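One chain comes next, on its own, written as structure tokens: the form predicted on its own.
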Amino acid sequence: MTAGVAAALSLALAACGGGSGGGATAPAAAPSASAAVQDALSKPAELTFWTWVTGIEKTVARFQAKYPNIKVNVVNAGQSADQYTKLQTAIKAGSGAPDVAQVEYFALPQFALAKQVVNLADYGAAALKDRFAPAAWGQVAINGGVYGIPQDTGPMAMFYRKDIFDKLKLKPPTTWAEFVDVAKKIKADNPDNFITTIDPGDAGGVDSMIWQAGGAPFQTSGESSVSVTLASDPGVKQWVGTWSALLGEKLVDPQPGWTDEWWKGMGSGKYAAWLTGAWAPNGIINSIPKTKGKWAVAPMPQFDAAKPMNSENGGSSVAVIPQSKNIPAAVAFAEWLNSDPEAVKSLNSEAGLFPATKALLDDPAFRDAPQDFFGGQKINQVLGDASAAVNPGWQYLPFQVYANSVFKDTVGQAIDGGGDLAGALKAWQDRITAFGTEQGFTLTSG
């Protein structure tokens, strides 16, 4: 899932944890909370699940077939920030929230620090840790608690037009230096073409590439101390050096993603590669089906080939809302949905989600399956290795939804206009720092 970036000021305000009506606190866990979760699977219950994942009803139907006493109502309350706004409103109102909700990793810290999602560690969920890829679990393990069950991940990879690379006798670049060189050759062949695009409004895309460069510009300790180092972080500087050159020489196209024009460019060969999360194949297959057989997948280029490193782009968890009248049943459903072997296979094959569980990532049937659309390439081998290489130390801000909402006005301006990326990142840092301070966080920056 891609990271939405609509403004959600009210959400961030509540993230301070001190605002009025900031959501109920989960009831204290009984000593037998874990047993209560298992016991709930055999008792009558009705749950409401907010999610925007297309096709997930098939996985939910499998749960209900196995546990017929529990009825699950699947509701699409909007995607990403649209849903978060509705969720925030319902939590503040004290009624109308679902029992279970999909929450992307970048937004989860806001809900967790405001105590607007249940700490699942109180219900035994910490025991599931070893079932998940470390990077996925790291996104739900916040401030000593467990605030969601990982559902899908988006390890970064380079999806590229093999027909274009073959025509120009180019190999997929293994380093960022090679990436710049390949970009120049593509431009030399046709001045109207680009190796790839960068979306001026997509903070998540830039965050992912900074993460892949070894950056860690956002750090939170405790419930209120936040560090923002977009101006000095070594990984940020590596990303700035490479992408300033790419933008300055007009080797990449500053272009909003997912538009008709953008897909047209992807289909025509105007863009030779797409650097994004492992969830991309479904988008390519469904949006530009006539390019079947022309695509391949390669690992992300590296800054230091001797120390390969990767990152995530997107990914979601499933959280339980304190307003639920049957928290044990809600926890049981969230755990089954995202960790049961039958469920995770269904999420991958029937809902198109890239797995978060080690069992499926390591399953030979998953890894070795040739993908007809990609010319028979076993792309899950590349994507599975990409998942294993993710640096698990990344943190999002406890008000990342707000930060993302002002990205376009700062960094996006430099991307779109070929301006000073380093200066724009400092401007973004200043906006983030000022907002966080206003909300009661203790900010340090540099």
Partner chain sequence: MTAPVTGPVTGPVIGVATPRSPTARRRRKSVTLTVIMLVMFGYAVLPLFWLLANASKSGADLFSTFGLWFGGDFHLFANIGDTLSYQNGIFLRWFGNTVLYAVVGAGGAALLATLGGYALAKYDFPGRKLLFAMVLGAISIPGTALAVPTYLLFSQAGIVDTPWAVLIPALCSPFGLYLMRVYAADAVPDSILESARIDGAGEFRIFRTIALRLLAPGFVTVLLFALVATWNNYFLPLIVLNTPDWFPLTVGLNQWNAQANSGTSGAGDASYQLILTGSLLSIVPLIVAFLVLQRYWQSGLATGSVKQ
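Positions refer to the first chain, counted from 1. Treat the numbers as computed from the prediction; the structure is a model and nothing was measured.
Keep in mind that the form predicted in complex with the partner chain is missing from the display, and what follows is about it.
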| item | value |
| --- | --- |
| Check all three, 54, 78 and 85, heavy atom within 4.5 Å of the partner chain in the model of the complex | yes |
| Selected contact from 63, 50, 396, 402, since only one has a non-hydrogen atom within 4.5 angstroms of the partner chain in the model of the complex | 50 |
| Contact residue in the model of the complex, chosen from 137, 263, 303, 373 - any heavy atom within 4.5 Å of the partner chain | 263 |
| Proximity to the partner chain in the model of the complex (heavy atom, within 4.5 Å), stretch among 274-282, 329-337, 140-148, 112-120 | 274-282 |
| Residue 164, heavy atom within 4.5 angstroms of the partner chain in the model of the complex | no |
| Interface membership of residue 289, the partner chain in the model of the complex, 4.5 Å heavy atom rule | yes |
| Partner contact for residue 231 in the model of the complex: the partner chain, 4.5 angstroms, heavy atom | no |
| Residue 369, heavy atom within 4.5 angstroms of the partner chain in the model of the complex | no |
| Within 214-245, the residues that have a heavy atom no more than 4.5 Å from the partner chain in the model of the complex | none |
